[in-house]
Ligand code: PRP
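Below you'll find only one chain, the form predicted on its own, shown as structure tokens.
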């Protein structure tokens, strides 16, 4: 199954680290370190098309012209709580990024996501918002989070996650086919409880020891 806005990053280092992340024997400390490293590596690909401008600098020997990233506001928006596990790795590559937060929970009666917290920096003319969640499973939470960002005036969004399920990508695309999804792997399917197969279990529980 192919999705035009799904960008699967299959660099050998990422593929290797993802295999370690999936392993049920991987402990919490190593799990967190692997997520940091994978998020950092993924950021290289996600930021490939950042706009550049020519500037003049002076080296120790002479003046020269170089290219630098133009005045662009990059905002990381993790979906609480698991999305926070990827932020540190991304900040190693884009330390100038600001951070917003979206807190969601699932209503037990309707099974729909409900927002309990939302805060982002003031919008600027040039901005890139990176929505972050380790797993794109059913697609409900990610789609809802993207809705909230758009309702608050955000236009330039990319979605970064570690593992996606076809069902989740399809659900997300129903409303947000304009948002590119960056993932390490498109897995087989969801089970009857909404977990990705083969997946890696519950990313939040494994990150924070709440298994």
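Because the structure is predicted, anything quoted here is derived from the model rather than measured. Residue numbers count along the first chain shown, from 1.
Below: the form predicted in complex with this ligand, not depicted.
Using a 4.5 angstroms limit between non-hydrogen atoms, residue 104 touches this ligand in the model of the complex.
Among heavy atoms of residue 93, none comes within 4.5 Å of this ligand in the model of the complex. Although the partner is absent from this view, residue 140 contacts this ligand in the model of the complex, with a non-hydrogen atom inside 4.5 angstroms. In the model of the complex, at least one heavy atom of residue 80 sits within 4.5 Å of this ligand. In sequence order, 202, 204 are the residues of 181 to 211 having a heavy atom within 4.5 Å of this ligand in the model of the complex; the partner itself is omitted from this view.
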